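Quick setup: one chain, the form predicted on its own, written in C-alpha cells, and binding and motion questions come after.
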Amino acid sequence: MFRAAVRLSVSGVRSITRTQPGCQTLLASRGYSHGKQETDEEFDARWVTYFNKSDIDAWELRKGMNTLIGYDLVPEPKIVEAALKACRRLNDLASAIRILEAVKDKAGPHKEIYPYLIQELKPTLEELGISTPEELGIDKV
C-alpha cells in the first residue's frame, strides 16, 4: 500500500514537472476605464428619468435612492423632486420623508445645502402635501 502511494506521488510530480517547458512572462496591465465620462447634466437626466418611470414600484424607488445616496454627492433638487413625485404616485409618505432625511444627512456638515434644497423643493412639497421632518418635529429625536 505504501509502495502504491509513493508510485502515485512520484508520477504526479513527474507530470507537474513535464508541463510546459520554458517560462512564461507575465505582463503588467492596468484596468483603467476608457469609457466616456458622464457629465453632471447626463447624470441628473438619468436619475430624473429613473424616478419618472410610470411603472416604478416601491422596491425600485428604495433601490434607486439607496444607490443615489451611496454616491459621493448631494442629489440636485430636480432629482429629489422626481423621487418625491414617485413617492406620491406610490402613495408612500414614509419614503418621501425618509428621502428628505437622507438628503439632510448626506449634506453633512455643510449647513447651507439642506435649506437650499428645501427652498427649491417648497413648491413641490406643498403641491404634494408632504411635510418636512422639521415641520413634523422628528428631526430632534
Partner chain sequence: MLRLTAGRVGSLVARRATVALTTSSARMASHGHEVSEIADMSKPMYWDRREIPLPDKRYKDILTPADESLKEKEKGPWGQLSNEEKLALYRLSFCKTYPEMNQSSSEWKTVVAGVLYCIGLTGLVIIWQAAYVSPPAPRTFDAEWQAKQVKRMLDMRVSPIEGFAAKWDYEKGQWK
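Just so you know, these numbers come straight off a predicted model, no measurement behind them. Positions refer to the first chain, counted from 1.
Same protein, other form: the form predicted together with its partner chain, not shown, and the subject of what follows.
Quiz item: Considering its partner chain in the model of the complex, which of E112, D55, D105, E38 comes within 4.5 Å of it through any heavy atom?
Solution: Checking each option against its partner chain in the model of the complex, the one that comes within 4.5 Å is D105.
Quiz prompt | is_contact(A45, its partner chain) in the model of the complex, heavy atom dist at most 4.5 Å | solution = Contact check for A45: no, nothing within 4.5 Å of its partner chain in the model of the complex.
Quiz item: At the 4.5 Å heavy atom threshold, is T49 in contact with its partner chain in the model of the complex?
Solution: No, no contact at 4.5 Å.
Quiz item: Just to confirm, V74 within 4.5 Å of its partner chain in the model of the complex by heavy atoms?
Solution: Although its partner chain is absent here, V74 would stay clear of it in the model of the complex, with no heavy atoms inside 4.5 Å.
Quiz item: For K78, is any heavy atom within 4.5 Å of its partner chain in the model of the complex, or not?
Solution: Flag for K78 set to no.
Quiz item: What are the residues of 121-139, in order along the chain, with a heavy atom within 4.5 Å of its partner chain in the model of the complex?
Solution: Counting only heavy atoms within 4.5 Å of its partner chain in the model of the complex, the contacting residues of 121-139 are L128, G129, I130, S131, E135, L136, I138, D139.
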